[in-house]
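Read the single chain below, which is given as structure tokens and is the form predicted on its own.
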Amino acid sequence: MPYFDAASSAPLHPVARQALQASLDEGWADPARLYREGRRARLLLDAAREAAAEAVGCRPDELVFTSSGTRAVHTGIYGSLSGRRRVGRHLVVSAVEHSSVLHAGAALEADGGTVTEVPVDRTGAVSPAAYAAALRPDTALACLQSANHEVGTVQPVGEVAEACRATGVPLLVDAAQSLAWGPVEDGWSLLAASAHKWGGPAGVGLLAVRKGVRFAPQGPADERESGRSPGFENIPAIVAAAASLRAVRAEAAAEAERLRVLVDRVRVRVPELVPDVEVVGDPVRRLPHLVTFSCLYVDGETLLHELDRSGFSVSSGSSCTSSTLTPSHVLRAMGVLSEGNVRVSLPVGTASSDVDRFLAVLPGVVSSVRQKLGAPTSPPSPAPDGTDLTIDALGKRCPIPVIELAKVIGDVPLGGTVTVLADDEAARLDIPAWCEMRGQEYVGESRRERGSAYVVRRVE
């Protein structure tokens, strides 16, 4: 069964499995002890730290291991904010950061600090100039992912780092998605990553803090990991994480070239095979293994279930899935279609035949879901006479408001309007996106006592 969700968690790399099994017999002792079992464990831990530091591009004494990538992000943010508290309590982030960064920002605001979210364009990338403009004299820390988790867009880390350096603001980079493919552009002050994203075991993160960066660890003091990550080190998992990182980096160039060809095939063929699809994310500056697209008139939850039944494991940022009632914050920030969203992220070793089979299966799955939902199958017919219409879609979840809009747009004359009443958060994204895809004019939104009224003018 093809697994196409490596961006969530990559399958355990064979090198990680071998290293884990071997170190279970050698790395169980306390690495802080001086007897031979402890010294043996310390040698394993030091070797893993050196290997990880080489991949990151930092000194071994600048890198600590944490219990997860999220813990690494939180430790980096809180330690930096505390270390620079005399400067201020202002945090700058992009609008498409991982939830771990945004949750830390929300906690800062709840505690009296301030957060500025830098917007992104429709590809999901920040403007270096806009990011630089968000930096203030009281900015304690800036955060920018190296590449987006949902759409794969690579961020201009180097240019943003230069702007941060010019103003004396440390930059924390979330490199979880990109570290397997190569080092992050230079200029960062802190870097966080997560082993299970590159085929290491879950439960291992890493945090690098450059020398000279003001940093004050939070919580009770601890002797381990330079006082920045308390608790007994999981040496077998750490060894496996470092070994697999070295292994994937050794094969990264060749595998990236191979997977990019497969992803390009998906990017080109999906819009040809499936009508009313928007491929999102930067087509060039992107991760080699990831592609995301959204399908009009499709219930995301049903689409994922049907693909799973057909043998494909994919993920979604659509609001109409069981795990969320609002669209992905990434898709929302980009202003792109959210309904029927599919993220395909290919693990190392994915066969070309599996991608071909996915492309063969997808059209029928989407067509079946649309048919069940009663989606329109043809464009609206001319309607010289008619009146403005209002659709009551209150209480209906995506993609129903858009489907009902598409069904009646042909019932109004050119220049006439359709007002859609909806309280589903996805409508704020999906109705404007539908207008752009269909060549109709999105007039705007007005708040109502319940939900909002979205007005569309028929121009085609």
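No experiment lies behind these values; they were computed from the predicted model shown. Residues carry their position along the shown sequence, with the first being 1.
We do not show the form predicted in complex with another copy of the chain, though everything after this point is about it.
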| item | value |
| --- | --- |
| Of P363, P137, G168, G231, the one that lies within 4.5 Å of another copy of the chain in the predicted complex (heavy atoms) | G231 |
| Interface residue in the predicted complex among A254, A221, V284, A110, criterion: non-hydrogen atom within 4.5 angstroms of another copy of the chain | A221 |
| Candidate stretches 68-76, 285-293, 125-133, 366-374, one within 4.5 Å of another copy of the chain in the predicted complex by heavy atom | 68-76 |
| All of L12, L24 and V314 with a heavy atom within 4.5 Å of another copy of the chain in the predicted complex | yes |
| Residue contact check: R17 to another copy of the chain in the predicted complex, 4.5 Å heavy atom | yes |
| Exercise: K407 in contact with another copy of the chain in the predicted complex, heavy atom 4.5 Å | no |
| Another copy of the chain contact at H90 in the predicted complex, heavy atom, 4.5 Å | no |
| Another copy of the chain contact in the predicted complex: R33, any heavy atom under 4.5 Å | yes |
| Residues within 4.5 Å of another copy of the chain in the predicted complex, restricted to 102-116 and counted by heavy atom | H103, A104, A107 |
